[in-house]
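Take a look at this one chain, the form predicted on its own, written out in structure tokens.
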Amino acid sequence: MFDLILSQMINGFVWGWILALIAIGLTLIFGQLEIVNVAHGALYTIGAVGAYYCSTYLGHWGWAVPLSPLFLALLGLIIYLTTIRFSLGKEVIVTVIITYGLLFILEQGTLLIYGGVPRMIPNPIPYSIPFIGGRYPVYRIFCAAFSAAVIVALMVFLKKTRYGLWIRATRQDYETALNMGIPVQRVYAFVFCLGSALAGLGGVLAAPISSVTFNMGNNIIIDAFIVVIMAGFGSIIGTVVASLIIAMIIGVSAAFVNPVLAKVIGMAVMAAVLFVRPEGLFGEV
């Protein structure tokens, strides 16, 4: 029993880092644009589908690591210019309706191109290491390490670069940033592209672990929203911590109950945290 719990905790820890990538993209978009992007899960799905096509037609999954996020960033730019920028400043329910429409379009487009049959990607790193009486895939360790490296690089980017300064300034005071000559609309477009790319990268990393389906983003978006709400909107560190907590709780719970009930337990933990800290773990009052 102890071995099972430990194994599920490790799996949850690995999945938590992938979930953090996706949730950070979600919280960046909301924190900057105040857009509740329900379509974020569909962008994650497209990233995973891109990983399948790279693995099948380009010969190796590794091609998807740079290509899928770049494609998602371009797709994010198209979505922003044609849809999102017209919903800035609208009521939250309006943004939910708009992004739900985007979700439907992206999901059905993926179904049309990719098909409805679940497909698997070969393990890109087919090695394992000894682990509690068995063996543990090296690829999963790589996913956690790579996700952590990307998140650290993102935090450095936001603190040390001009665009990072613009992003923080625009978020703190839109009017002042605009009066100081910061290209606010360009910053908004960049943040939406960045969030889309992070969702796609999460899909690339998750694709070899789970089967790739046209609607696989429907489950992950629920977990991502749980994480973002629990962390407090806009906090990257809080998002990472909340992702690891929620993923490990759901992972351990799934060893004893069905996956649906395990997710309910995760939501109960989120509700308990919000009862104690309504602003979230790392949110500001």
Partner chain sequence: MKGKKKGGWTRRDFVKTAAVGTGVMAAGISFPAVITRAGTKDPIRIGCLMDITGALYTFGIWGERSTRAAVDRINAQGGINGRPIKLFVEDSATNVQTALRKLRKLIMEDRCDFILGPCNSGIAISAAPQVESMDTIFFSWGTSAAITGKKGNRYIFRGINNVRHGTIALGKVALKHVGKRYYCLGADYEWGRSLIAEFRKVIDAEGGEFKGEEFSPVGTEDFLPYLNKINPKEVDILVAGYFTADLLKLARQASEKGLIKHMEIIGGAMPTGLTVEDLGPAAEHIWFTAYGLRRIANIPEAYRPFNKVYRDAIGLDDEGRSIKDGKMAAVSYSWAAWEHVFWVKRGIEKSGWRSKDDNEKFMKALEGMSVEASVEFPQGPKTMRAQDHQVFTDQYVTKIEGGKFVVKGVVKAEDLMYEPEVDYTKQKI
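Just so we're clear, the structure is a prediction, and the values are computed from it rather than from any experiment. Numbering follows the first chain given and starts at 1.
The form predicted in complex with its partner chain exists for this protein as well; it is not shown, and the discussion that follows is about that form.
K.L.:
Quick one: does V117 come within 4.5 Å of its partner chain in the predicted complex, counting heavy atoms only?
P.N.:
Close contact exists here: in the predicted complex, V117 approaches its partner chain to within 4.5 Å, heavy atoms only.
K.L.:
Find out whether any non-hydrogen atom of N219 is located within 4.5 angstroms of its partner chain in the predicted complex, and reply yes or no.
P.N.:
Yes, contact at 4.5 Å.
K.L.:
Would L70 count as touching its partner chain in the predicted complex under a 4.5 Å heavy atom rule?
P.N.:
Looking in the predicted complex, residue contacts with its partner chain do not include L70, since no heavy atom lies within 4.5 Å.
K.L.:
Is T56 close to its partner chain in the predicted complex, meaning a heavy atom pair under 4.5 Å apart or at it?
P.N.:
No, no contact at 4.5 Å.
K.L.:
Of R85, K159, R186, R135, which residue is found within 4.5 angstroms of its partner chain in the predicted complex when only non-hydrogen atoms are counted?
P.N.:
Residue within 4.5 Å of the partner: R135.
K.L.:
Quick one: of I121, V150, L106, A144, which gets a non-hydrogen atom within 4.5 angstroms of its partner chain in the predicted complex?
P.N.:
It is I121 that has a heavy atom within 4.5 Å of the partner.
K.L.:
Quick one: in the predicted complex, does every one of T95, A177 and N179 get a heavy atom within 4.5 Å of its partner chain?
P.N.:
Checked in the predicted complex: no contact with its partner chain for any of the three.
K.L.:
Would you point out which of 33 to 41, 248 to 256, 59 to 67, 224 to 232 contains residues with a non-hydrogen atom within 4.5 Å of its partner chain in the predicted complex?
P.N.:
It is the stretch 248 to 256.
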